[in-house]
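Quick setup: one chain, the form predicted alone, written in C-alpha cells, and binding and motion questions come after.
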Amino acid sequence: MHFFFWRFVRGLSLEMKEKAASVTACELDELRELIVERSGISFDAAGEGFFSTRVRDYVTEKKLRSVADLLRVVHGSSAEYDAMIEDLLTQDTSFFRYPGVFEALAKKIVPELQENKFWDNPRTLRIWSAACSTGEEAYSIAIAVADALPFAEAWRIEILATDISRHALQHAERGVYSGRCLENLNAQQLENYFTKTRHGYVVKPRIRRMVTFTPMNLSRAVYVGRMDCIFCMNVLMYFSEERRNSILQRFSECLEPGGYFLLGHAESLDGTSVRLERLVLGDCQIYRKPAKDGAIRHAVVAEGSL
C-alpha cells in the first residue's frame, strides 16, 4: 500500500515539475525581446536550445508556473531581472582557462609592451578584462603580468575588470577561490599569489591592488581610456551582429597603437569591419592594432611557437 502511494506521489510531483517548467515559443520570444531591449544581449536562433533549457531550469528553480510568471516578476523588479540575466549568462570559468592565450600574454605581449614603454614616466600598463565574471580571468592576467614583468613593482599596472553581473563582481572582489577553478595554477603561483585559509585560497593584496572591478554593460558606450591589451573571451556571441560590430569598433578605438586584442578560442574577427592584424602564435591567434597608421596586412602573420 505504502509503495504504491509513494509511487503515485512521486509521479504527481514529477508531473507538476514538468508543468511548472514548461515554456512556449511566444513566451520565449517575449523574454528574448525584453533582454535585447534592456541589456542588448541577443539569444538568437542558433542558441535556441541553450536559451530554452536555461529558461526552463530557471523557472523551475524559482518555483514559478510559467515563463509568463517570470516575465511579470522581472518586469516588476530590476533585482529579479539582474538575477535572471546572471543565471542565463553564467559559464564555468577558471584561472588560466585558455593556457595558450596567457602564454601569449606572458611571452609575447608583456615583453613587447615592456620594451616599448620602458622609458615612459610613469611606466603604465593598462589591460581590460571585459566580461570578467567572478574574477578568475582578471586575476589570471595580474598573475601572468607579475610573473612575466621584471620589477613589476616599478610599473603602474591597471587591470580594469568589468561585468554586467553585480553578484559575480561581489564574488570577484572577495577574491576567495577553491576547487576546480584553481587546477591550472602551479604550486609556485598558489604560494606566491594566494593565502590558504579554511574558506579556500584568498588572492594576496599584491595582486588584488592591480585589479579594479566595476559593473558595465558592453552594449552601452562608456569611456574607459586607452588600453594596451583587451581580453573579451566568449561574450560577443551573446550580441546581435550589428551590436557586436559596434562593440568591436569601440574596443579597437580604445586600444593604444600596437595594443593587443584577445578573443576566445572559438571566436574570430572574420566577417567584421574591425581592422586589426591577426597573429598566429603556436595554437593561439591574437590580434594587434598597427603601431602606425597605414594599410593593414590582411594575411595572417605566423610568428611560430612561443
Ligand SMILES: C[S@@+](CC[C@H](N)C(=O)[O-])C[C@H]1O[C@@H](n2cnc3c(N)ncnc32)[C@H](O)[C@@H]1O
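A residue's number is simply how far along the shown sequence it sits, counting from 1. Keep in mind it's a predicted model, so treat the numbers as computed, not measured.
This protein has a second form, the form predicted together with the ligand, left out of what is shown; the following refers to that one.
Under a 4.5 angstroms non-hydrogen atom cutoff, the ligand in the model of the complex lacks Thr124 among its neighbouring residues. Among heavy atoms of Glu191, none comes within 4.5 Å of the ligand in the model of the complex. Among residues of the shown chain, Phe239 is one whose heavy atoms approach the ligand to within 4.5 Å in the model of the complex. When contacts are judged by a 4.5 Å heavy atom cut-off, Val110 does not count as touching the ligand in the model of the complex. With the ligand left out of view, the stretch that reaches within 4.5 Å of it through heavy atoms in the model of the complex is, among 144-152, 183-191, 111-119, 212-220, 212-220. Just one of Leu248, Leu255, Ile41, Val55 comes within 4.5 Å of the ligand in the model of the complex, counting any heavy atom, and that one is Ile41. This chain is drawn without the ligand; in the model of the complex, the residue among Val203, Val74, Met233, Leu105 with a heavy atom within 4.5 Å of it is Met233.
Shown without its partner, the chain has Asp163, Ile164, Ser165 in segment 155-172 as residues with a non-hydrogen atom within 4.5 angstroms of the ligand in the model of the complex.
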